[in-house]
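Before any questions on how it binds or moves, here is one chain, the form predicted alone, in structure tokens.
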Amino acid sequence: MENIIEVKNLTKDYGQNRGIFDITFSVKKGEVFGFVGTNGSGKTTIIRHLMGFLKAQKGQVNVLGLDAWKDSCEIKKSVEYIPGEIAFPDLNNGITFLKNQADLLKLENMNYADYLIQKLQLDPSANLKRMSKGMKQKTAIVAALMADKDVIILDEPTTGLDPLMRETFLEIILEEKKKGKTIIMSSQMFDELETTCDRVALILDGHIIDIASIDDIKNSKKIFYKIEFKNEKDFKDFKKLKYKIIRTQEKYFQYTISISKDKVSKLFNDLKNFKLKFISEVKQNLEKHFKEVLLKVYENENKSNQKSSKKEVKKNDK
């Protein structure tokens, strides 16, 4: 399938380690691609480059084969967008706003807009300025999606929605996915990305540190087990068997290990020689996957810091 979005070595450095750095990814036609990360991690900055609101200091951003900065006006003709911060014009009510949007988009048929209004239980006759955050978010969703364009870019679109409306919105996104739309969505919530996305990128301090396939996570060839031993000796002896340990909790004599499915029988045969408190399978999901990735990142940082400290001590000794 062709790449609808291509980002290569995108960098926007605001100084003091703020910004985005060497961001590279692509999104194929009909794919739903997600970003997850804390506030300030760089999700919105990436999306603003895709929309042509920011010019990259380094790298390339192409949407539909066009340069996101130079050809932003042309790109917007094929892109639906929900910003992270909603700001409405000074109009009396939602109806007027949606009609103005329809005129701007040269949209003659409002059937899909009406469908979205009913599905989201939106009262568009309410005063725009007096709407609750959730109502404003619903209005923004309808305004963005009613044109039925090929590419949808969403910056934390469920902000302000209550849990029921959040589920309804995810249903709408899955409907859009079935139509073959190409969708990019940022969020801080793992479950909604896992429900809708094909792949998800984890952003940390302006860097993509992992891109996970939801299908690979759900259909992993590996199984994860948490094992707790009754005594320290067994705990230490088990480590000698060289199973892949992804987490150690010495306080509890506990390991979390990862093994391939064809090694399960061997594991249980080996465990017959140890005294266990318990063993339980750990079901894998997007959140757990990224926690493991982050754990490795922090462990590597600690090792790097320790090496730097040792070198510094040696220099001082000399």
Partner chain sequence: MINKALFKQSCKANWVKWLAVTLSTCIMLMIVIIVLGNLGINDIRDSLKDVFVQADQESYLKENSVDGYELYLTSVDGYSVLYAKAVYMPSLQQSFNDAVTEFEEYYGEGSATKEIRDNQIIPQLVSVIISNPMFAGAFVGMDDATVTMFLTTYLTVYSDNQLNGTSKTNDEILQETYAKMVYQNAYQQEIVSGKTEEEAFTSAIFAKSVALDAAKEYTKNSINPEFDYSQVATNCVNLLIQEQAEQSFAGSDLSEDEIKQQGVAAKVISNTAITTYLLWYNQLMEGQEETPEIVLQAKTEAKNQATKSISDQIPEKVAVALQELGNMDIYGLIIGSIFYKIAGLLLPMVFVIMTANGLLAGQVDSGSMAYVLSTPTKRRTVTVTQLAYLAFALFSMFAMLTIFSVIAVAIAGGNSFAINFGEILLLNLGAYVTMFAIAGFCFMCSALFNTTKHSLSIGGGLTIFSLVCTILGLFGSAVVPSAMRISAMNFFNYLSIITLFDTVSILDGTLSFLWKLAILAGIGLIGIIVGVFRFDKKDLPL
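Quantities reported herein were computed from a predicted structural model and do not represent experimental measurements. Numbering follows the first chain given and starts at 1.
Below, we refer to the form predicted in complex with its partner chain, which is not included among the displayed structures.
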> Which residue among Met189, Leu204, Leu105, Ile211 has a heavy atom within 4.5 angstroms of its partner chain in the model of the complex?
Replying inline: Leu105
> Only one of Cys73, Leu164, Leu174, Met110 has a non-hydrogen atom within 4.5 angstroms of its partner chain in the model of the complex; which is it?
Replying inline: Cys73
>> Looking at heavy atoms inside 4.5 Å, which stretch does its partner chain contact in the model of the complex, given the options 86-94, 112-120, 218-226, 175-183?
In response: 86-94
> Lys12, Phe53 and Asn100: each with a heavy atom within 4.5 Å of its partner chain in the model of the complex?
Replying inline: yes
>> I'd like to check something about Tyr243: if you look in the model of the complex, is any of its heavy atoms closer than or equal to 4.5 Å to a heavy atom of its partner chain?
In response: no
>> My question is simply whether Arg199 lines the interface with its partner chain in the model of the complex - judged by any non-hydrogen atom within 4.5 Å.
In response: no
>> Quick check on Lys288: any heavy atom within 4.5 Å of its partner chain in the model of the complex?
In response: no
>> Against its partner chain in the model of the complex, would Val79 count as a contact residue? Criterion: heavy atoms within 4.5 Å.
In response: yes
